[in-house]
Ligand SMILES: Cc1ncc(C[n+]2csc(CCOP(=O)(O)OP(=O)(O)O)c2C)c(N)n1
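A single chain comes next, written as structure tokens; it is the form predicted alone.
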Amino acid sequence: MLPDLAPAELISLFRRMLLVRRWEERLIQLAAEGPSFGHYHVYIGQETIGVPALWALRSTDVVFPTHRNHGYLLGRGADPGRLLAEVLGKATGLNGGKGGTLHASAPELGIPHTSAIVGGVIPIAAGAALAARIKGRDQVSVAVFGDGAMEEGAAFETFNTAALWRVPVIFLCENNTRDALGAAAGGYPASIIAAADLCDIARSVGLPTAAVDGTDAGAVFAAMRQGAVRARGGDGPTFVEAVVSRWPGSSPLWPELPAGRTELRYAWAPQEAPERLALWYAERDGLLRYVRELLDASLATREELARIDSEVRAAVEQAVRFATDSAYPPADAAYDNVFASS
């Protein structure tokens, strides 16, 4: 279903989700062309989680993403060129090239930190929420993490403490286990979680939970908005589990485009999609589901969506030119901002 938003906002939501998709598809191409900028992860296939989740928050709220962070940075309005420059290690990057792909951040946009440490953001987000409450700020904190983070002791300990102290935090678990490594055996990738339902872990310490289809932008938006209302009302944290199938291009060691870039026409002409990804585009791609919902609600035509796509592609190419033309930082900048100064 579509989120409960005005038509213009629904189109803006589509544009932002499409930007994430096109930006990351182009990133994969750049990685294949070289030079290498190290390992990276992409958010393709999960855009209908992150972008609607952000839409349910206020600009003053803070978000702590995990290693699939590009979608959240772009979703919060980070400049595509500066984000790409950061991934490439350029001086014009969001963090001067020092954060790279795995730790890029934008404090001015409410993303103070991202972490590639599994489960690392969970206690940090809860700590930020506690600090906000102590200081009297009307602020919600969101921890974003994958299902694998549920195997970490810090996750359970933080759930328990946050519930006990009723801190204003939302725990957003992006469960992309379905069709991933280990899922065929009936378990999670590492296969060491005894719980059959991840929400049961959160419920064990009294956290309200919501399990939603991660391809359903409306369901994600509603769950996050309800969690934000609870947090602001002093009712404490919420655990949201958004379940998706992992994008096939994320299955190899390095991300790849197994059938080239996504074509919007696959939303209404699935028979034209490459056979190896036909099921993905027809049933598991939240972005194309959102396209179909916009069309079914008569909120846009195919031609209008194609025009937006052209504009987004042009913006991404401009970002590529900016990032690739930017200079690397000088060697003597290696020690800049390493130590705090008074």
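Numbers follow the displayed sequence, beginning with 1. Predicted, not measured: the structure shown is a model, and the values here were computed from it.
One more form of this protein should be noted, the form predicted in complex with the named molecule, which is absent from this view; the next part is about it.
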*Which of 140-148, 234-242, 256-264, 78-86 lines the interface with the named molecule in the predicted bound form (heavy atom within 4.5 Å)*: 140-148
_Listed residue (T114, T101, N176, T158) with a non-hydrogen atom within 4.5 angstroms of the named molecule in the predicted bound form_ = N176
*Heavy atom within 4.5 Å of the named molecule in the predicted bound form: which of V118, A222, A154, A91 fits that? Just give me the one.*
V118
*Would H70 show up as a contact with the named molecule in the predicted bound form if we use heavy atoms at 4.5 Å?*
no
